[in-house]
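Given as structure tokens, the chain that follows is alone and in the form predicted alone.
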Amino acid sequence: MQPIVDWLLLGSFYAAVALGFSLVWGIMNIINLAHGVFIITGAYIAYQVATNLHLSPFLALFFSMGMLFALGWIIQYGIINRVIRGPLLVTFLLTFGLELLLTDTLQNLFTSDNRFINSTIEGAGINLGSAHISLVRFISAAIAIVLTAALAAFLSRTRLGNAILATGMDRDAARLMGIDIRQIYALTFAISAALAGAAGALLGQMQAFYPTRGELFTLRSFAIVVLGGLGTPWAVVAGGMVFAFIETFLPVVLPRVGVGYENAVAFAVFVIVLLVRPTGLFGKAFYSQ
């Protein structure tokens, strides 16, 4: 039972990590290399709020989302929008430069020391048969699923969400229908950054973090989105579950071979899926419900 519980909780967390990355890629056709450092920035914001204001880390999550939303809007509207029609390599290099800038800024502000967000429920859990469910990880997984459902509902059931989908389907046609593309792109990027901030607040309660750790989560987000596909927010959950399944069960099935090779096998599966089904396991032609 324990590996199954660990798999489900880790897969849900990975969905939260990659959700914003999938949104920007699916709507704006931008591979955001700064996504990982957004997650780490969210972790530092939650850490500061929880430590200095003595709030629950789960309440600090809303501070992380709000501040990252504002940061994402400023970056997109003021910087990325200026090169949005340029070649893919231009936006690729621009987000890479943002990643370096934000990482160096975090390193200067907080040094390279490991940080961890202490929670009042740390160590608490529920026993389910032979399995132990960490309360922090359980709540984090629940928040990840709620965020996914909220994003899916927002995109499919609101005018702004429909405008975002229309822009992702055909930018020129959306403009002809009166949609302000610059504002929609800024909103999309801001929502993506806010989701990364939420993932960072969850990350800080489960793992130690430091400024340069964002690169790992950018890479994992890329693999998760490719595995699941770009068609729907729920495909990110599927991709996260596949990635987490390999990480969780490989050491169990192959205890001598699997330990230490989880990431290597996960990325090998990622390459196979990319070759066999380039749109991912549940990918569609455009980002929709």
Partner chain sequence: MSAGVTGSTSTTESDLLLYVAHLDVGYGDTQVLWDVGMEVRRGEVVAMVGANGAGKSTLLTALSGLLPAWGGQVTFEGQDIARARAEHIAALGLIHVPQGRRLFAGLTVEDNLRLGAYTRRAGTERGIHEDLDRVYALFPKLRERRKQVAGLMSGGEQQMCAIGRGLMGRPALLLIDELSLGLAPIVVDDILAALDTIQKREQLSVLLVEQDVQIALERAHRGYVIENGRIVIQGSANELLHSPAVRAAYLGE
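Numbering follows the first chain given and starts at 1. These figures come from a predicted structure and were not determined experimentally.
We do not show the form predicted together with the partner chain, though everything after this point is about it.
- A residue is said to contact a partner when one of its heavy atoms sits within 4.5 Å of a partner heavy atom; residue 139 fails this definition for the partner chain in the predicted complex, lying far away.
- Not displayed here, the partner chain is kept clear of residue 206 by more than 4.5 Å at the level of heavy atoms in the predicted complex.
- Put simply, residue 132 is far from the partner chain in the predicted complex: not one heavy atom of it is within 4.5 Å.
- Using a 4.5 angstroms limit between non-hydrogen atoms, residue 150 is distant from the partner chain in the predicted complex.
- Between 139-147, 120-128, 197-205, 166-174, the stretch whose residues reach within 4.5 angstroms of the partner chain in the predicted complex through a non-hydrogen atom is 166-174.
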